[in-house]
Ligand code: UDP
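Consider the single chain below, provided in structure tokens and representing the form predicted alone.
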Amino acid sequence: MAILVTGGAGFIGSHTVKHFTDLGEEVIVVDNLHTGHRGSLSNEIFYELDIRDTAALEHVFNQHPIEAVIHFAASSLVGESGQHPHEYYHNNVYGTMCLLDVMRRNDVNWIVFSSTAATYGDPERIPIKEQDVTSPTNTYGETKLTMEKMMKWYDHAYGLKYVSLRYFNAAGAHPSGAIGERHDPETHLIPLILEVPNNQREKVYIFGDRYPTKDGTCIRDYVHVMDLASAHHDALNYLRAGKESDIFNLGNGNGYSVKEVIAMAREVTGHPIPAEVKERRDGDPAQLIASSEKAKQMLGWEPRYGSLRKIIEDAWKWHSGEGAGKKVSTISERLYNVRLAISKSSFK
């Protein structure tokens, strides 16, 4: 039986695909390549398609004995989501509905969903627990919460079981340096910082230094991308064991300020990394730190790469080596690319 990974050419998706294939799982990837990169994939079977193209998606299900779905396919830029809410609801919410309906028609009843800490909005307490209030402050978080609720009601009506994984700040890269984080435009703190020693920008900006935190800058919980990848396999095995649908936080439970992240990047890279303070941005909570005890207890998840130094070291290996678009990966030359002779829709 095969595992279908939607959005598998993206940052977390590609690392999860590699982790699954390394464990001997048969993996099929679908991705419209709007933000993903084919060269990041380590599996053999790839379909370039948009999950809203139900005819194309149905073809994939008809061609392969699919056991479960790992669902990453979504638009995920917070700022952009506020400017283009229609596109985010159409791609994220409608796209998920299309996927769930194709799963139903093909008797596939397990899905592991890539959710986000953005579902919580401004937290009422730290660390954040799964039962805390969800009140998103942006369209992206709202669409992810809507997708979770859709799965809840599909479970209630059709018995489709799900695990929703609410990530905190995903970061790092594969320890080998083979794949890493690449976005266009880049919005994540650690890659932005590493662009300075990589001679891609002169300095990094700190948005606000008067938050009620130890050094005045925002505090976030950073979790290594390979720990996220392993959590998806733990969640799949949880469903395989016949467990009920549930939601889990994924973080390290340790908060680091923006200034602390910059300081660690200076140590790792040996570069001074100039920083400039600018006005704080609307909607940035002072602290976001996860309680992941539920995932540890119920999924058996244990982060292996918990230190901030390890996260930045692995990210720097990627960014200073073949990563970040410096070279075209030869991995894609070994892929078996299945092309469908049907019309494809894409997110614009």
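Quantities reported herein were computed from a predicted structural model and do not represent experimental measurements. Residue numbers here begin at 1 and follow the sequence given.
This next part talks about the form predicted together with the ligand, which is not shown.
message = Exactly one residue in 147, 218, 225, 163 has a non-hydrogen atom within 4.5 Å of the ligand in the model of the complex; which is it?
response = Result of the distance check: 218.
request  = Only one of 302, 58, 44, 284 comes within 4.5 Å of the ligand in the model of the complex by heavy atoms, so just point that one out.
outcome  = Comparing distances to the ligand in the model of the complex, the residue within 4.5 Å is 284.
query = When the ligand is placed as it is in the model of the complex, which of 241-249, 98-106, 198-206, 124-132 ends up with heavy atoms within 4.5 Å of it?
reply = Partner-contacting stretch among the options: 198-206.
request  = Look up in the model of the complex whether residue 236 has a non-hydrogen atom within 4.5 angstroms of the ligand, and give yes or no.
outcome  = Residue-level check for residue 236: no, no contact with the ligand.
inquiry  = With the partner left out here, check for me: in the model of the complex, does some heavy atom of residue 258 sit within 4.5 Å of the ligand?
reply    = Flag for residue 258 set to yes.
inquiry  = I'd like to check something about residue 268: if you look in the model of the complex, is any of its heavy atoms closer than or equal to 4.5 Å to a heavy atom of the ligand?
reply    = Residue-level check for residue 268: no, no contact with the ligand.
message = Taking the ligand as it sits in the model of the complex, is residue 169 near enough to touch it, meaning that at least one heavy atom pair lies within 4.5 angstroms?
response = Flag for residue 169 set to yes.
message = Suppose contact means any heavy atom within 4.5 Å; which members of 118-146 contact the ligand in the model of the complex?
response = Read in sequence order, no residue approaches the ligand (within 4.5 Å, in the model of the complex).
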